[in-house]
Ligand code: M6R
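Just the one chain here, laid out as structure tokens, in the form predicted alone.
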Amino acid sequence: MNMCGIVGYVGSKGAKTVVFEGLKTLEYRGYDSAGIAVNNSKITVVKDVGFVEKLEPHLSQLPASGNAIGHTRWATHGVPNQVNAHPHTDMKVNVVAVHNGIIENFMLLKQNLKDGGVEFKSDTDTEVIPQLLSIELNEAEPFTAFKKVIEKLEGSYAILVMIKGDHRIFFARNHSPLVIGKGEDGRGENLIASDVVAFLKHTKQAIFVKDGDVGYIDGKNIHIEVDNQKVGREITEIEWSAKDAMKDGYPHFMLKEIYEQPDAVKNTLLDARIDEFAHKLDDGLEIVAAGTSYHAGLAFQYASNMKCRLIISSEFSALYRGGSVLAISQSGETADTLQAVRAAEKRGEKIYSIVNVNGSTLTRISDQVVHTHAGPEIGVAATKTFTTQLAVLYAVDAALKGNPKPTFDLAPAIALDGDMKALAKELTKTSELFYIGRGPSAATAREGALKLKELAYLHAEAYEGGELKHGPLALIEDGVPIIAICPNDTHKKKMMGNIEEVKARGAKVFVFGEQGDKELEHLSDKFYGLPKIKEEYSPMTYVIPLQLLAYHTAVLLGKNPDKPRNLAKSVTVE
């Protein structure tokens, strides 16, 4: 499994309901199928294909009391169907497991089990876990048996297991996020999940499970071991509230999160640690990131005078030549980024990071961290986490240049919401379009195109304006929409030439530029004005209408912008 959501609960509140509600908060991690198991006098499992809400009619089949684990799936091994949905059990239904990650040696384990007479129901890698544990229980008590199974697994995993007749939930982690929610004293409950948002309604006290940890929770105890030795783990008080993870009347989380950007950016810039962080960075820095975070790094390269190199996380091993590393990640759990950081760490290099989730793996293995104060971001497509990453990076740039922290007025960009909804109607009539920009706006173009692709499933490509003549012009013909990002900066004149190039070939050009720019208004099929902003920081404001455009296009096309197909929020395996 990959990027899935898991939840476990021990307590008296009604475990199936607690887990069901927790899974609903984790749907951004996967929504191909979902399931819940309750352990009472026996193990009872319900699961279905599709969103977590599909489970609700089945909840009456589960016992009212007992412990529970649940799972919402993003499929890797085995197609999305009811059989492959989690939780999975052994043949006798004495053991039940949920799993996030990939068991790399599952084929060998599965064949050995089949040779011993074990019958498998699913095509998943996960099913080997309960099947192995069922056998180990013949020789050892439950926790010892569980640890023996974990020793046999290779790959990445966050695993929750329940055993018939045992009141504990067993867990193990290796390169896949897992966090314990410590119940309030006297309530006799504890929770565990792949993300804190799953239990914020019940507790804000979190214990982040580390790689190599195995253990169990029951109503009173949290037991963690490393190499068979009991260890303690610090408690982190989560700043977010359960309300932070709610829609607050917005139709989708994404729209709510776009509108939260002014406060998120302001709160991030209030962090006094940014200046100190900036002055610890040195030339020769390797910036490593993936997806939207990579675009934030690209925008920083255009702004900064530092000698730094930007590397896509998954290509890091092929391109890294040494030096300190700056990792950018929303979740702090992105597998490709973590692998890159660990490779640099082994060479004794300094690790710096910009992360949204306090207590995540990346924060723990970094020498210096600055947190983006975006709060929980539930929509799969990054919005406020992108602009808060930019806020940190631009504040770093200002500090290194001896300038005061920049400030940003994002309200005028958000005020283009209605215009973007109207423009979205135009885009629903096409199957392909292009985004172009020069200088910092090239980063804006890339992020805008990515948003439209992942949300509306339209073929959107981004190019530096000067690259059009090196191939992409062959694709421009009558009616092809062009989104041109053209602030009033040193690149404007050349960008105007690029706009002329595509107009001459029949393209329909929608231009984003500085308010009152009559030249661009005259050149555009439709012009959208934004306030003047310092040239190198323009992606901060110019990206916001592009987020809104992608959102409205997706909605008009009948797509759910919070849950784009084939994607999940945190890519926690390679």
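Bear in mind that the values here come from a model prediction, so they are computed numbers and not experimental data. Residue positions are given as counts along the sequence shown, with the first one as 1.
The form predicted in complex with the named molecule exists for this protein as well; it is not shown, and the discussion that follows is about that form.
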Worksheet entry | Residue contact check: residue 436 to the named molecule in the predicted bound form, 4.5 Å heavy atom | no
Discussion item. When the contact criterion is heavy atoms within 4.5 Å, does residue 334 count as touching the named molecule in the predicted bound form?
Written reply: yes
Fill in: 4.5 Å heavy atom contact, residue 450 and the named molecule in the predicted bound form
yes
Worksheet entry | residue 290 within 4.5 Å of the named molecule in the predicted bound form, heavy atoms | yes
Discussion item. To verify the annotation, which of these, 397, 90, 257, 454, has a non-hydrogen atom within 4.5 Å of the named molecule in the predicted bound form?
Written reply: 454
Item to complete: Could you check which residue among 72, 387, 329, 372 gets a heavy atom within 4.5 Å of the named molecule in the predicted bound form?
Response: 329
Worksheet item: Pick from 318-326, 94-102, 375-383, 166-174: which stretch has non-hydrogen atoms within 4.5 Å of the named molecule in the predicted bound form?
Response: 375-383
